[in-house]
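Only one chain is shown below, in structure tokens, and it's the form predicted alone.
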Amino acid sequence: MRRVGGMVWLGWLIAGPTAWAAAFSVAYGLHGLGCELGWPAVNVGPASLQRVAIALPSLAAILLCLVLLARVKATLGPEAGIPRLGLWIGLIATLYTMAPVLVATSCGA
């Protein structure tokens, strides 16, 4: 197995936190847009369009972290330890910060 280092290793290291930051930023922006456009009043199945729009970036980040977790060992080999931890941090941070979307009210008075 070839040695992987430098920018490739750094990219893997920050992939999890970057996925979380991107999902959080997009969800935050969609929250404001949805409140302005009245999305909480529009139902999409059992949930409002507001909740669905905010949940989608979260689900994308979760899926990305899971896919990368499955591939990190094969790509980095023995150097995968710390980047794997970074992916776990991104996954857990996304789950923790986006979970309130499922239960909290949106667009307060």
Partner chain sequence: MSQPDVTAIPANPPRRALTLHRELDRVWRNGPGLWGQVTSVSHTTLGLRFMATAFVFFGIGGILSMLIRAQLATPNSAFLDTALYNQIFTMHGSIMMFLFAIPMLEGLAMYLLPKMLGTRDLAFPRLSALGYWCYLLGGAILIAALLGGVAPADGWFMYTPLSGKTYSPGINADVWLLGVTFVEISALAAAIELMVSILRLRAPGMKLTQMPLFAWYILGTAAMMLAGFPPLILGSVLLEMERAFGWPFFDPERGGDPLLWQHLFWLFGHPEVYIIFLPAAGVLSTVIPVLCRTRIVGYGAIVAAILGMVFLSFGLWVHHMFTVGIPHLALAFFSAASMLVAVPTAVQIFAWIGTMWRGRPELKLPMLYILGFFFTFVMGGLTGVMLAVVPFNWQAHDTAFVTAHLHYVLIGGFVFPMLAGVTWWMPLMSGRRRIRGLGEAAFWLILIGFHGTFFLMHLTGLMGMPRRIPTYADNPEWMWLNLSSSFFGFVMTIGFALFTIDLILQAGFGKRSVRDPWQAPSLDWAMALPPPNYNFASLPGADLQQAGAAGAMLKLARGEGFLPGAPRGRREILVTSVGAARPEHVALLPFNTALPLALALAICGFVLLMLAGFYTVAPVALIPVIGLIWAWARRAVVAVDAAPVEVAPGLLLPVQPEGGATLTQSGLRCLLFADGTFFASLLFGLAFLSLVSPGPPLPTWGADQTVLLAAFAVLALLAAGALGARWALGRVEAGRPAGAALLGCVIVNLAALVALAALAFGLPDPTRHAGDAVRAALVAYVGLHVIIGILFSAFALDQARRGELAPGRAGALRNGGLWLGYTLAAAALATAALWAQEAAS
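Everything quoted here is computed from the prediction, not taken from an experiment. Residue numbers count along the first chain shown, from 1.
The protein also exists as the form predicted together with its partner chain; that form is not presented, and the subsequent description refers to it.
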Checklist entry - How about L59: is it within 4.5 Å of its partner chain in the model of the complex, going by heavy atoms? => result no
Checklist entry - Is the gap between I54 and its partner chain in the model of the complex 4.5 Å or less for some heavy atom pair? => result yes
Checklist entry - Does at least one non-hydrogen atom of L33 fall within 4.5 angstroms of its partner chain in the model of the complex? => result yes
Item to check | Contact flag, I82 vs its partner chain in the model of the complex, heavy atom cut 4.5 Å | outcome: yes
Item to check | its partner chain in the model of the complex - contacting residues of 77-100, heavy atom within 4.5 Å | outcome: E79, I82, L85, G86, I89, A93, Y96, T97, M98, P100
